[in-house]
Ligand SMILES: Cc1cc2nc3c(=O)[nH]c(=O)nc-3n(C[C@H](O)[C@H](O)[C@H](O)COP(=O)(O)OP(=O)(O)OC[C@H]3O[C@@H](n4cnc5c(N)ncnc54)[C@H](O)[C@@H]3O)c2cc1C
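Before any questions on how it binds or moves, here is one chain, the form predicted on its own, in structure tokens.
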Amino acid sequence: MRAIVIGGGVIGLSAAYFLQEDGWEVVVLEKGDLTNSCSFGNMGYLSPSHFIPLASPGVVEQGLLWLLRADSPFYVRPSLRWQLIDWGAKFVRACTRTHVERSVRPLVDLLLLSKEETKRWATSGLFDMEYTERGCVIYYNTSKGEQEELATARQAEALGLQATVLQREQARALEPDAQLDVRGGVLYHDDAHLYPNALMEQLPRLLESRGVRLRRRTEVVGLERRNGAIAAVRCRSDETSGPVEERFAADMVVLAAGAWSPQLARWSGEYLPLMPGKGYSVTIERPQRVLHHPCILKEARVALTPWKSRLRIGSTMEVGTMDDRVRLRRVQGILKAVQQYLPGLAEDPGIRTLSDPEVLQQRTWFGYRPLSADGLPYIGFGRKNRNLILATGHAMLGVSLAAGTGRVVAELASGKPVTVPLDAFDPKRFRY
């Protein structure tokens, strides 16, 4: 039995891992070369604490205020495209307390499963990806931010997670080099982190050693449908002799193409409200100032992850059509937040060099997160094709949810009971 996985990001490769483990012949089709997908530049979080979906009360109002600032962490590029209008209307309707209340349990269950599977990878000896269990701290510097995060901490504890509230001096003692200027914070003990670049370099090698066919620079150009199923995937690969048209017969197809999924879904007759959200990150090599814990600067929506010899700073969400432009004001806004919350860390020579716009432009990475219309991923069978599993829309939780998503995708494909309930993630929850 052959499974065709469309997309070689962390979700697609994780699905390939578990499908192969389950006995499937697996072919992964990736239009890039597996060296710079969205999975490479993210923060590497494994975050059970991120159980509140992106679509939640207050997000729309805050987003409208941010639209007025050129350096804000959120921006929607105005457009009359139906895809954006349709997605936006559904997203606004999903920003309710009821939606959050019914989403947190299934989301935290999938996050915990994914962390468990990722830890199994890390301890297997097959990967060296700096997997570290040190928690994640959310720092706040306003009264409103404090009240919101304390409410989240109480909710986390009700879900079985561990959270410790830090007063100002406790937070400062946690990160002496950073010289924190914050009101306080919450340490979420169940969170972990890894170096995503290492995972994304090592996972393809492991898959190929196990017989998975990874077709790089191979773009899907069509889907052959027959009797309510996808019979084959047509693609075009770039070879040294020129483009080559190919056809792969399929018993099962997994659509895990991230922000590029909607077009492929339409070819299969499926409806998938999803928009690309551009995110930026900058990586500092061999920082002199030490940050001990991954952290998020709450009001600024900026994240920082430390590894053995690197520090990554990331943020922003630009919703709209894809382009290659780096909007420098937004990246500068990320660094400004570091100066405000972590003034000692901002004095690191590696960060100070980024004050030069040309250097910052050269060092800035960007990628496109796939944003569903309600902040929850799409995981499950499609409506029109009995052998199509969708696994996309993970937004900022790609690494956090990858291994868990891969496992349940394989369970669905093989007709096994799924480890965690997937009703909340059903791709059929939206209609035209």
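For clarity, every value in this text was computed on a predicted model and none was experimentally measured. Don't overthink the numbering: it's just position in the shown sequence, from 1.
Keep in mind the form predicted in complex with the named molecule is missing from the figure; the text below concerns it.
Using a 4.5 angstroms threshold between heavy atoms, G279 counts as touching the named molecule in the predicted bound form. Not displayed here, the named molecule is kept clear of I379 by more than 4.5 Å at the level of heavy atoms in the predicted bound form. The named molecule in the predicted bound form comes within 4.5 Å of no heavy atom belonging to A403. Among heavy atoms of D374, none comes within 4.5 Å of the named molecule in the predicted bound form. For the options A257, L297, L110, V254, the one in contact with the named molecule in the predicted bound form, meaning a heavy atom within 4.5 Å, is A257. Shown without its partner, this chain lists M129, A171, A250, V220 as candidates; in the predicted bound form, only V220 has a non-hydrogen atom within 4.5 angstroms of the named molecule. Contact with the named molecule in the predicted bound form, defined as a heavy atom within 4.5 Å, is made by all three of K31, N42 and H394. Only one segment in the set 144-152, 212-220, 80-88, 159-167 has residues whose heavy atoms sit within 4.5 Å of the named molecule in the predicted bound form; it is 212-220. Taking the named molecule as it sits in the predicted bound form, the stretch 1-34 comes within 4.5 angstroms of it through a non-hydrogen atom at I6, G7, G8, G9, V10, I11, G12, L29, E30, K31, G32.
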